[in-house]
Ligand SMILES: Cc1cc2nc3c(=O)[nH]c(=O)nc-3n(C[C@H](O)[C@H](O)[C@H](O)COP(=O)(O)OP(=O)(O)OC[C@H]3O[C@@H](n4cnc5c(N)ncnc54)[C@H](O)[C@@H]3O)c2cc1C
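Single chain ahead, written as structure tokens, the form predicted alone.
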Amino acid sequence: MRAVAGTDLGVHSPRWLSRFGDGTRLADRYRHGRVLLAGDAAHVHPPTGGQGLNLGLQDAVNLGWKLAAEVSGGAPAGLLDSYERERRPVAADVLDNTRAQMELVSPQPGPRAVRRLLAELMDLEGVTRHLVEKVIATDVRYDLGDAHPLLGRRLPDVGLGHGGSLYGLMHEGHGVLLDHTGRLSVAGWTDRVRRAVGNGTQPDRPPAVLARPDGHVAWVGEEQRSLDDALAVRFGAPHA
């Protein structure tokens, strides 16, 4: 502090000291044969906004269930390769975000003017929501199709009967079918997918949603044949 600011500002008796720079790096590849990168091994960036923890944990969850499926022999073709395809663009977006935030903390006139403009824009609800969702990583949407707005997005937790919850069913690393129709089945995939019956359909609620073990929506619909096709694509062939 004395070297940079010319004074220690009265700071004393530190309990913990750390340092960081503005280094920003992203691995060209997340997989090379049997070697896979996740977390800080795949990307580094300034800690601005505290986004590194979410980014690394989401890497691990995305990779974990796919590795388990591969090891158990039930993974559909290309599942493990989808890890890089889904997660690397998310990391690139976070790196851009932290770069922008580092520019905003500069005391130079240009960044100060941008800060003032950004403060004005954040009075608009849509802008604030967009920036907040970007920082807390709830805006992540994987390319799982465009047939429904929920596809690829993370399904929020909901309460189920008997005091349970949707996320509670995912603790063992399974996918979940949230069935509001009460008539769909995951027979053939019960070793990989749990079924929960919702409390009925509402005008703004899809009839049924299939969530991957990482909580991202893989299918939305109400027809058993369409569901079976999605289960085979996302979770592999049914068991005998």
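Note that the structure is predicted; figures quoted are calculated from it, not measured. We number the residues from 1 along the sequence you see.
FYI, the form predicted in complex with the ligand isn't displayed, but the following is about it.
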property	result
Residue among 215, 52, 198, 206 with a heavy atom within 4.5 Å of the ligand in the predicted complex	52
Contact residue in the predicted complex, from 173, 39, 188, 182 (heavy atom within 4.5 Å of the ligand)	39
Stretch in contact in the predicted complex with the ligand, which is absent here, among 25-33, 207-215, 64-72, 42-50 (heavy atoms within 4.5 Å)	42-50
